[in-house]
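Consider the single chain below, provided in structure tokens and representing the form predicted alone.
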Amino acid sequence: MPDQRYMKDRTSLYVLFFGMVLIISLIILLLPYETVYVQDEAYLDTFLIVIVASVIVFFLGTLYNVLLWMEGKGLVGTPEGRLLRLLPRILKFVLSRRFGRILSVFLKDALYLSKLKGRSVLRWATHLLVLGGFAAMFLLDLLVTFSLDFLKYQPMIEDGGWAKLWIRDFGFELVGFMMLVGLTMATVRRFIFKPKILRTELPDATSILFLLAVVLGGFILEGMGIAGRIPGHQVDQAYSFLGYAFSQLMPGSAGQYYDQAWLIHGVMSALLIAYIPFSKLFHMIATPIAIEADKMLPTRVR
């Protein structure tokens, strides 16, 4: 009987999980991508294959972390069964008034890092720039994708549109600049000053250098687009202030390699998504959520 219950829980969870992954993958593949400026569609097709594979790895890694956490001592049933029973509670919680209060605490502790601010302003500023910039980049991506591919919002599409200039150009540039400053501070502190109280292990170094390469690569790609006068990079270039600065160091012929650079940057960004569940960035965000979800789990009667 316990084995049958375990198989039922496991089957139900994985059917739900892979159904969700399939829906997200189909959305990614079916989006029109009309404002992607690569000329050779083979580069776009390659990117789509990599991003779908990376999203699958991201969700598998996230599920693995959650099930590992569900194996806590003193909890009732299988990890899969506990997670299935937790999902309706989470939905009810998200729709409740309590969610707003908990969200404010989460933003204060997990993103603003209020407790860290009192211990070290430099560490606090570094984490805030990186983590806050990462969160803002994700939200901007959602907003822009929805505006471009679903709403077909013209001010977001047209070269001189206010949304194109202030959100797609300046907004992404500002958020990327925040991350670049924070990552530079983290790199200098960990690899140059090397304070005795700070241990830099392989996961720390990988996360910092991976993020730094992706962010810096985005500015280089923007510079290549401006220097090569690629469509979408020809009007009011100063809104992309760092990309414009990089373009001043590049010849016009750099635009010939825009497609290849776009693919490299896209693949690195996709691989970063796949890496998140196995990095410290994931645990920095997930730990406060796990603490709150822990209160919803049934425990054994003593």
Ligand code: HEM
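Treat the numbers as computed from the prediction; the structure is a model and nothing was measured. Numbers for residues come from their place in the sequence shown, where the first is 1.
We do not show the form predicted in complex with the named molecule, though everything after this point is about it.
### Query
Since exactly one of Tyr258, Phe246, Trp69, Tyr275 fits, which has a heavy atom within 4.5 Å of the named molecule in the model of the complex?
None of the other options qualify; the answer is Tyr258.
### Query
Which residue among Tyr153, Phe172, Phe99, Trp124 has a heavy atom within 4.5 angstroms of the named molecule in the model of the complex?
By the 4.5 Å criterion, the partner-contacting residue is Phe172.
### Task
With heavy atoms only and a cut-off of 4.5 Å, decide whether Leu221 touches the named molecule in the model of the complex.
Although the named molecule is absent here, Leu221 would touch it in the model of the complex, with heavy atoms inside 4.5 Å.
### Query
With the cut-off set at 4.5 Å between non-hydrogen atoms, does Phe58 touch the named molecule in the model of the complex?
Phe58: no, not in contact with the named molecule in the model of the complex.
### Task
Considering only heavy atoms, tell me if Met179 and the named molecule come within 4.5 Å of each other in the model of the complex.
Met179: contacts the named molecule in the model of the complex.
### Query
Can you check whether Tyr64 is within 4.5 Å of the named molecule in the model of the complex, heavy atom basis?
No, Tyr64 stays farther than 4.5 Å from the named molecule in the model of the complex.
### Query
Taking the partner as it appears in the model of the complex, which of 83 to 91, 187 to 195, 211 to 219, 145 to 153 has residues with heavy atoms within 4.5 Å of the named molecule?
Correct option: 211 to 219.
### Query
What residues of 245 to 267, in sequence order, lie within 4.5 Å of the named molecule in the model of the complex by heavy atom?
The stretch touches the partner through Tyr258, Trp262, His265, Gly266.
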